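Below you will find one chain, with nothing else, as C-alpha cells; this is the form predicted alone, and questions on how it binds or moves follow later.
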Amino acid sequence: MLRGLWNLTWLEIKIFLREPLGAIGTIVIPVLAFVFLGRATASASGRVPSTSPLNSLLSSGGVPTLVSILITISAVLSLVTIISIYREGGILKRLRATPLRPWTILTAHVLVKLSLTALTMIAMVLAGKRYFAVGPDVPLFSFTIAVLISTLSILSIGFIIASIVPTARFAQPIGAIIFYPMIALSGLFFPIAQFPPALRAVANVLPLSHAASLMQGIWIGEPWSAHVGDVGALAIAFVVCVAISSRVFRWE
C-alpha cells in the first residue's frame, strides 16, 4: 500500500506541475508577495504609529505568517477544486474501483499539498535571505513545521467543502467565501482581545486563528510549550473534520 501511495502521490505532483499557471500561483506568487510585503513593511515600520490597527501585521512575524496563511488557503482551495473536478469527471469513481484503499487515494492528495507547501516555504526563505532581511535567530525549521501542521489541519476542512460543493465551478468561490473572512478574524490585523465578545468567541474556535497564533509565535522565537493550546486546537479540528469527512465525502 505504501508503494501505491507513493506512486499515486508522484503522479498527482506531475499532473499538477504540467499546468504552469497552477505552479506559478502556488509557488512563485507567494514568494513574490513575501518579498514585496517584507520590504514594504520593513521600510514603513518606522512611520506606522504603534496604535495603528496594522501594527500587529507590521510587527515581527506578521508578514511571513500572513503569506504562510495565504499559501495554506491556496493549497486548500486547490485541493477542493481538484477533488471536485475528479468527482465530476468520474475519476474518483474509477480510482475507488482500483485495489487502492480510499485512505490511500485521499492521503496522496494531502501529501501533494504538503509537499508543495514545504517547497514554497523553502523558496520563500531563500528569497527572503536574498531580498529581505530574515534574522539569523528565526527558527526556520520550526516555523516550517508549524506551517505544515496548520496546513494539515485546514486541509481537513477542504475535504468537507469538496463534499458539499455541487460542481467544480463553485469549488473555489465557495472555499474563498469560507476561508478569506477567517483571515480578518485570525488576529493578524486586529488583536482578538479587542473584538466584541461574539466575534471573539468565533475567532477563538476558528482553526485559522490558532494557526496564525502558532506560526507568529514560533517565528518570533517563542517555545512550542507556549502554543500547546494552539497545536491541540488544530489537532482537534483535524480529528473532527476527518470524522465528518468520512461520513459526508462523496466519490461520485
Partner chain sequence: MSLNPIAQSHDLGFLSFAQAETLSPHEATTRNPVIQVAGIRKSYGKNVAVDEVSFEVTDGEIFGLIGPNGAGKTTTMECVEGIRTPDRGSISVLGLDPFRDVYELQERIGVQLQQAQLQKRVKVWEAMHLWASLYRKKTAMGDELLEQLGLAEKRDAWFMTLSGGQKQRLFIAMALINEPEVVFLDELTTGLDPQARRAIWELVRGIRERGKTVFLTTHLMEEAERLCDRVAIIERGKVIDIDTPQRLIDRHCPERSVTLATDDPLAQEHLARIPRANGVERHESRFTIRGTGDGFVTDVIQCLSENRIKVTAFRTDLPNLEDVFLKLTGHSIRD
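Here the structure is a predicted model, which means the values were calculated and not measured. Numbering follows the first chain given and starts at 1.
Just so it is clear, the following notes concern the form predicted in complex with the partner chain, a form of the same protein that is not shown.
*Asks:* Run the contact test on 8, 93 and 100 with a 4.5 Å heavy atom cut-off to the partner chain in the predicted bound form and return yes or no.
*Replies:* All three within 4.5 Å in the predicted bound form.
*Asks:* Does residue 235 reach the partner chain in the predicted bound form, with heavy atoms at most 4.5 Å apart?
*Replies:* Contact check for residue 235: no, nothing within 4.5 Å of the partner chain in the predicted bound form.
*Asks:* Quick check on residue 228: any heavy atom within 4.5 Å of the partner chain in the predicted bound form?
*Replies:* No.
*Asks:* Answer yes if any heavy atom of residue 24 is within 4.5 Å of a heavy atom of the partner chain in the predicted bound form; otherwise answer no.
*Replies:* No, residue 24 is distant from the partner.
*Asks:* Just to confirm, residue 166 within 4.5 Å of the partner chain in the predicted bound form by heavy atoms?
*Replies:* Taking the distances in the predicted bound form, the answer for residue 166 is no, it never comes within 4.5 Å of the partner chain.
*Asks:* Quick check for you: of 116 to 124, 73 to 81, 101 to 109, 139 to 147, which stretch puts a non-hydrogen atom within 4.5 Å of the partner chain in the predicted bound form?
*Replies:* After filtering at 4.5 Å, what remains is 101 to 109.
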